[in-house]
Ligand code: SAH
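In the form predicted on its own, a lone chain appears below as structure tokens.
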């Protein structure tokens, strides 16, 4: 299988322009477990000729790509961008204009904090045909695997997603979220890409009226064999996450639904929670 580890060297300008552009398929790779791929996504990967994939896409998912297909890593990690978003779009457009079908493989669902909407817009504006195959989102995967239902009649009648990682192209910007909305009681709040800002997020939630005792959790590597859930409250979670070395990819879940984790959780690794004076392992 051909793999380009440094796609910055890929010369988009050298691509010939075909009379008919290739179709681009934006594919949601799901939260990590390859068995959670949709049938349509799995078929798109098996038939792929060129795959532009993100870092969050696991090796087990990439293994479905044919050996003769070309793989190009264009992913972004916190603090390190293999390619800027603009460069990713230019590469995708250039490959499609050369007449070859392209699979753009993204973790979770392309339209949930995956910048798939920006890429679809660019394709539409360029007149390049495209499809979107949705994927199980990271939040859905985490809910099922960690035993934290996103909604429950006794706990949450609404659900809010937000991103805690707001950046310009290579430059950080202020974390400017709708804190009164996120701090409402009786709902579940899920924050993507917020681990680095966890102390700020928790402090802002309390400052805007959410009880410091509200249950909260960090779910790392949802649905994967090394998944881990760190459970505490809005007040204790930042210290717990730091003490246990939490690392991305991770989701922050806030709300009383987190209390169901003990009864419903079936995580591959024991969860970590706070006791009265210290931390302890718990199921």
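For clarity, every value in this text was computed on a predicted model and none was experimentally measured. Positions refer to the first chain, counted from 1.
This next part talks about the form predicted in complex with S-adenosyl-L-homocysteine (SAH), which is not shown.
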query	finding
Contact assignment for S-adenosyl-L-homocysteine (SAH) in the model of the complex, among 65, 230, 250, 26, heavy atom within 4.5 Å	250
Residue 224: touches S-adenosyl-L-homocysteine (SAH) in the model of the complex, heavy atom cutoff 4.5 angstroms	yes
4.5 Å heavy atom contact, residue 193 and S-adenosyl-L-homocysteine (SAH) in the model of the complex	yes
Close approach of residue 122 to S-adenosyl-L-homocysteine (SAH) in the model of the complex, 4.5 Å, heavy atom	no
Exercise: residue 147 in contact with S-adenosyl-L-homocysteine (SAH) in the model of the complex, heavy atom 4.5 Å	no
One stretch from 179 to 187, 208 to 216, 93 to 101, 110 to 118 that, in the model of the complex, holds residues within 4.5 Å of S-adenosyl-L-homocysteine (SAH) by heavy atom	110 to 118
Residues within stretch 16 to 55 having a non-hydrogen atom within 4.5 Å of S-adenosyl-L-homocysteine (SAH) in the model of the complex	31
